[in-house]
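Listed next as structure tokens is one chain, alone, in the form predicted on its own.
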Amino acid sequence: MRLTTKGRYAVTAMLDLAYHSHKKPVTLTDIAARQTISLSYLEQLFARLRRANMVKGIRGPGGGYTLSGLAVDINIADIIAAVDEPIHATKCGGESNCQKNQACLTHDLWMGLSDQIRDYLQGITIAQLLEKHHVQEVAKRQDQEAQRVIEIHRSAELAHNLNDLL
């Protein structure tokens, strides 16, 4: 199985959202800055996540996104499926047409692996990931780094405005 950036970024963005949205809705701009994911790519992912009823958008000032449900009810396999990322270790995508429109010699082996991976990912929720000490440490570090970038941009903007006045 090869998990593409679509699946990895969706899981990362959902974890970031769950971590930060307990206080207020989270903007995609903030997620993009913390996770170094393109804003336009996040918009595409969140459109799919919204259609899958995993997130809800809140409009207006102070708006952004929140989880549609509880983090304990959202498993990793569902996030990956929501962005149309298949969980298959087979060449045929589970269709049994890997060799001349029939199953290949190792089809059952790779289907078993796919099932194991899917079961593993279904058994892990966003809430379980949030409980991990390492995840919390990384999220705090990312918040600090994002805050430094914001301060640098503010300082540069202030210097630019001062130059315009002089």
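Sequential numbering from 1, following the sequence displayed. Just so it is clear, the structure is predicted and the values come from calculations on it, not from any experiment.
The discussion below concerns the form predicted in complex with the DNA, not included here.
Chemist: Might Y41 be said to contact the DNA in the model of the complex, defining contact as any heavy atom within 4.5 Å?
Modeler: Residue-level check for Y41: yes, a contact with the DNA.
Chemist: Can any non-hydrogen atom of R59 be found within 4.5 angstroms of the DNA in the model of the complex?
Modeler: Answer yes; at least one heavy atom of R59 falls within 4.5 Å of the DNA in the model of the complex.
Chemist: Going by a heavy atom distance of 4.5 Å, is I37 a contact of the DNA in the model of the complex?
Modeler: The answer is yes: I37 has a heavy atom within 4.5 Å of the DNA.
Chemist: According to a 4.5 angstroms non-hydrogen atom cut-off, is Y19 in contact with the DNA in the model of the complex?
Modeler: Heavy-atom contact with the DNA at 4.5 Å: absent for Y19.
Chemist: Between M111, I117, L28, A139, only one gets a heavy atom within 4.5 angstroms of the DNA in the model of the complex; which residue is that?
Modeler: Only one listed residue qualifies here, and that residue is L28.
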